[in-house]
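Okay, here we've got a single chain as structure tokens, the form predicted alone, with questions on binding and movement later.
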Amino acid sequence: MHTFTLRSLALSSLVSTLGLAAFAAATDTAAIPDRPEKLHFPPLVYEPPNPADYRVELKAGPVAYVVPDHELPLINLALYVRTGQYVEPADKVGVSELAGYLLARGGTESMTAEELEEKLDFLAAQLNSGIGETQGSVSLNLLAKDLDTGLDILREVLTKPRFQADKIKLHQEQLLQAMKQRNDDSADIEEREQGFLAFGEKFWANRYPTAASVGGITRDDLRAFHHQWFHPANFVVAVSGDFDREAMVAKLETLFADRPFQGEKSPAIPTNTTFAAPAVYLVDKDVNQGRVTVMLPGVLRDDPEYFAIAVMNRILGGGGFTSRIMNRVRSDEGLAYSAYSSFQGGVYYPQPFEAGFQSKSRTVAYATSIVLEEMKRIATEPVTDEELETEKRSLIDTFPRAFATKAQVAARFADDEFTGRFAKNPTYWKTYRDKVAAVTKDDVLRVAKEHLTPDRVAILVVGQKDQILLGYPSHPVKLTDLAGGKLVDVPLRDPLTMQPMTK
């Protein structure tokens, strides 16, 4: 009787549980909409971190963003340096790239390059360095337990790099081999010529290393460049990981204290750009697809209208498959696998508007005409409510990704410090979404009219000249009909001297 009662109770409990589950399932099913667009979600509640909570002005000179993160026993430290291609001597073009690469790979006063590499391998640590156009960087990633050893290595790299002779020679040879391939890929040609059109032949960013300039760089040149620019007044630090904040600040003070040499404070970055005259610029390259970039003068990222410009660009071509250029050129006409537009605001000088794609040689002119049509349409007709809402929601809803990890938080705030955004607008991220949300259809139309001006368009084409100029039989658009009808032949540049070549 007792056994029977227990079994009856168990069975009764099971039936009740199943009944509740079935009821819940039925209720949930009834609550599920039959169409995806009927789904509704509560508003996302998210506030970005405050940069002031992590900012530390070190006594040794640098500003540091110190962000503890105890999730993993790791530490990430990145050092941003105010140096770059813009401070290179005119006769030593390439010295910044060579110095940046070898700083963490060419040994130190007490360790050869091989010994340094072995030491880092033993610690399972990563040490990297590099110098670009407007910024240098040195980064260290390692286990938290090895922090003191890692900082000792980092200090020696920063203050007493060896620039080992055989490593210099090896990297010079690697750079020379890379130069020889400069005209092999049409994408490299396109990127290079974009810079010449956007900023001018004489702009410092368009000075390229040559075989002569790189070959003439000596160990003394690298040391002189390093001593001139690598000192605390030019540093901004981002550090995140498993540490006590106050203890880390003390370690950073020690890292940068008592420098063995004095350097110079970096000068302002030159901004004397010159945009190309309206025309079609054609580089003859024997490839089966033409590469096209439609260009216009750009803006700075702190332009008062930049949020309207960003939304406008996403609707036009920056929003992927929701954008007009992608839909017209790829989805409707099947002329390219991908088509886009980009309107990134420049940090120090205006970055150009660009719209681009790759297409078969015979359809280059027709596809380009479609891009120009869409640029004209968005500058003359209001966008739809749906387009506006889609792109604004995309920018707003993906906003938290900018701060997804503590390392991202430290790096983003350090970059804002480095580029001057924090000094100019310390509440930029706090007000970001409100400024996006405030963009209206009238704003989009206004900035499109102001910036997408057809009489200033420069069109760069890299591909088979004869085939491209033929056009497509069923679409009587000629390349010479675009950009005022002016066609400029752009010669390939000698890969070792960067001087234009004549056929």
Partner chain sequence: MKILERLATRSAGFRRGLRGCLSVWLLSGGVALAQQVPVGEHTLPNGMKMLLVERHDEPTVSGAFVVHAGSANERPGITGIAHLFEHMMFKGTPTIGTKDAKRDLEIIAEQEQVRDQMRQEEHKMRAEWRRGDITDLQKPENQTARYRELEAQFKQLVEAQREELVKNEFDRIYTSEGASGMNAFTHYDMTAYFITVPANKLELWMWMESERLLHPVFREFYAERDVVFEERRMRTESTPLGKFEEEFNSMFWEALPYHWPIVGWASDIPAISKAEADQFYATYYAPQNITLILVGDFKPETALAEATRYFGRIPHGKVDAPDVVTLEPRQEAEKRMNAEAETNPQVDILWHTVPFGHKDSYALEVLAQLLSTRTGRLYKGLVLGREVATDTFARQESRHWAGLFNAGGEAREGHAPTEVEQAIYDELDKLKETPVPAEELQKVKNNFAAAEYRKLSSNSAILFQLIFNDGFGDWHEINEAGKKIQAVTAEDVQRVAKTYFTKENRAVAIYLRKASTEPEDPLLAGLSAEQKAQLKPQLERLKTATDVEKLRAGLASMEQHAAQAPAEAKPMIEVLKKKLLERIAELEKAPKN
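Only a predicted model underlies this, so the values are computations on that prediction, with no experimental measurement involved. Definition used throughout: the rigid core is the maximal C-alpha set that superposes within 1.5 Å between two forms. Positions refer to the first chain, counted from 1.
Below, we turn to the form predicted in complex with the partner chain, even though it does not appear here.
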{"query": "Triplet 223, 228 and 417 all within 4.5 Å of the partner chain in the predicted complex via a heavy atom", "finding": "no"}
{"query": "Residue 337: touches the partner chain in the predicted complex, heavy atom cutoff 4.5 angstroms", "finding": "yes"}
{"query": "Any non-hydrogen atom of residue 401 within 4.5 angstroms of the partner chain in the predicted complex", "finding": "yes"}
{"query": "Exercise: residue 101 in contact with the partner chain in the predicted complex, heavy atom 4.5 Å", "finding": "yes"}
{"query": "is_contact(residue 177, the partner chain) in the predicted complex, heavy atom dist at most 4.5 Å", "finding": "yes"}
{"query": "Per-stretch contact check against the partner chain in the predicted complex, the hit in 418-426, 254-262, 315-323, 270-278 (non-hydrogen atom, 4.5 angstroms)", "finding": "315-323"}
{"query": "In the predicted complex, the one of 218, 369, 110, 342 near the partner chain [non-hydrogen atom within 4.5 angstroms]", "finding": "218"}
{"query": "One residue of 394, 149, 380, 431 in contact with the partner chain, assessed in the predicted complex (non-hydrogen atom, 4.5 angstroms)", "finding": "394"}
{"query": "Heavy atom within 4.5 Å of the partner chain in the predicted complex - qualifying residues of 118-144", "finding": "118, 121, 122, 124, 125, 126, 141, 142, 143"}
{"query": "CA of residue 44, rigid core aligned, shift of 2 Å or more between this form and the one not shown", "finding": "yes"}
